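The chain that follows stands alone, in the form predicted alone, written as structure tokens.
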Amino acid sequence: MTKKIRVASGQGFWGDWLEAPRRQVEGGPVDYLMLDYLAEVTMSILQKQKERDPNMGYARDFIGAMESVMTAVTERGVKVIANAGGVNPPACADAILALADKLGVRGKLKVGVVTGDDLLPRLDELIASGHALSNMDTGEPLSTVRDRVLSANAYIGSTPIVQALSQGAQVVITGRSTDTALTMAPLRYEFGWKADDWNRLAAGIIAGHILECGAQSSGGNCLYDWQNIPDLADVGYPIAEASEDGTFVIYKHPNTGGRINVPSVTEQLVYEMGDPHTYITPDVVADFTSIRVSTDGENRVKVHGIVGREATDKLKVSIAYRSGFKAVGTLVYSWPDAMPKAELADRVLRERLERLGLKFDHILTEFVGVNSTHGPLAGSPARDIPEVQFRIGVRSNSRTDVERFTRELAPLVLNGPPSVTGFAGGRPKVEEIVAYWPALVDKTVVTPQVEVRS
């Protein structure tokens, strides 16, 4: 019988449905559970947590997820691959082993820890040796914001995960691994795909891309025929059933809600898509124009024909840095004349801010329900709508000026236009802005390390 490996998606982001991991391992046979927790902003949040407590810096939801599937891991042989380590994979591994102690299965569990993606301690060394880490959008060298950098992590690929699996790890925890590598690595390990088997590696990357956002490929956040997607309250997360030749089928467990069909999978394929000919990962460059999708039965989609080519000599680096402060506040104005009232509130507030001499880099006003999503409505319908949410935000390098803005919004409830409703929660909150700095670095300067603990 032809060998098939089933990789189940159990998390699409930090904050995804807590029930999904357990449902995936209990709903039917799977070999691997893939849990994706990281996004660009997540890394900076985790770094700030680690600054406050050196034992933190990882996605703590992962501990609960592992508790819900520990029996499947230690008794049924399901393996877990997760980038929940964030900026502190060793601490995350310690927490999982402590959980195993608590559950009495410490001797049955091996945890692989992948590190080496965190470049924050090495930034000055890298810059001094000629790695400018220039912003991919602006071309500016990182030195212009070096003193404000919060986190810097290279996107690593599947190789260290494969190494951890080959050393017997049942749970592999990484830092800033690419989302797609979490699925591709187990396929590469199980089928023995070589590091230059470009087409099969590309197939593994495509499978990972389809799974990386959880239920987004099985009916969640799906535009096509969205009103008729069945039982989203019980949505089944997607699973990739892969063969050695690189073909795979996307499906979900029986008797679960949602829907997997060609449109749902296609919508996920074009998610975050740039040039479809060159989807670049650390392992391979995948050509999305080569993908073929077809129905393979109810709630089953076959994906095949994928072409890949040699990977580049660079790794992407996700850098976060401090960039001032912001605050956003809202008031809701009701009919009649909801829109004119909201417009007057905006004029009054801006005039008061100007009289106070406050300096902002930017002030943004949106009228939610009228122009915040699709731009201004043509003609006059906005004058007759029943309610408008007036939303205004400011940003500045001066925390003091932003704090003063937060004290000027609430007075409009009584000294501004009439019929305010929906105001609750007190003053707007001042938040530090964390900006994103994308860069490239030579692969030669990033060396992932693998440790297996038990």
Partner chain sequence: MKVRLVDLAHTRSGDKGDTANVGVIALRPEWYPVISAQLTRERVAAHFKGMIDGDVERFELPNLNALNFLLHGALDGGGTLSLKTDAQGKVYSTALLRMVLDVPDAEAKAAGMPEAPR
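Positions refer to the first chain, counted from 1. Since the model is a prediction, treat every value here as computed from it, not as a measurement.
Another form, the form predicted together with its partner chain, is not on view; read the next lines as being about it.
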property: Candidate stretches 358-366, 337-345, 81-89, 107-115, one within 4.5 Å of its partner chain in the predicted complex by heavy atom; result: 358-366
property: Position in contact with its partner chain when the complex is considered in the predicted complex, options L269, V285, L150, L232, heavy atoms within 4.5 Å; result: L269
property: Listed residue (V293, V145, L126, L99) with a non-hydrogen atom within 4.5 angstroms of its partner chain in the predicted complex; result: V293
property: is_contact(D275, its partner chain) in the predicted complex, heavy atom dist at most 4.5 Å; result: yes
property: Partner contact for Q216 in the predicted complex: its partner chain, 4.5 angstroms, heavy atom; result: yes
property: Contact flag, R395 vs its partner chain in the predicted complex, heavy atom cut 4.5 Å; result: yes
property: Contact of V430 with its partner chain in the predicted complex (heavy atom, 4.5 Å); result: no
property: Partner contacts in the predicted complex for 428-454 (non-hydrogen atom within 4.5 angstroms of its partner chain); result: I433, V434, A435
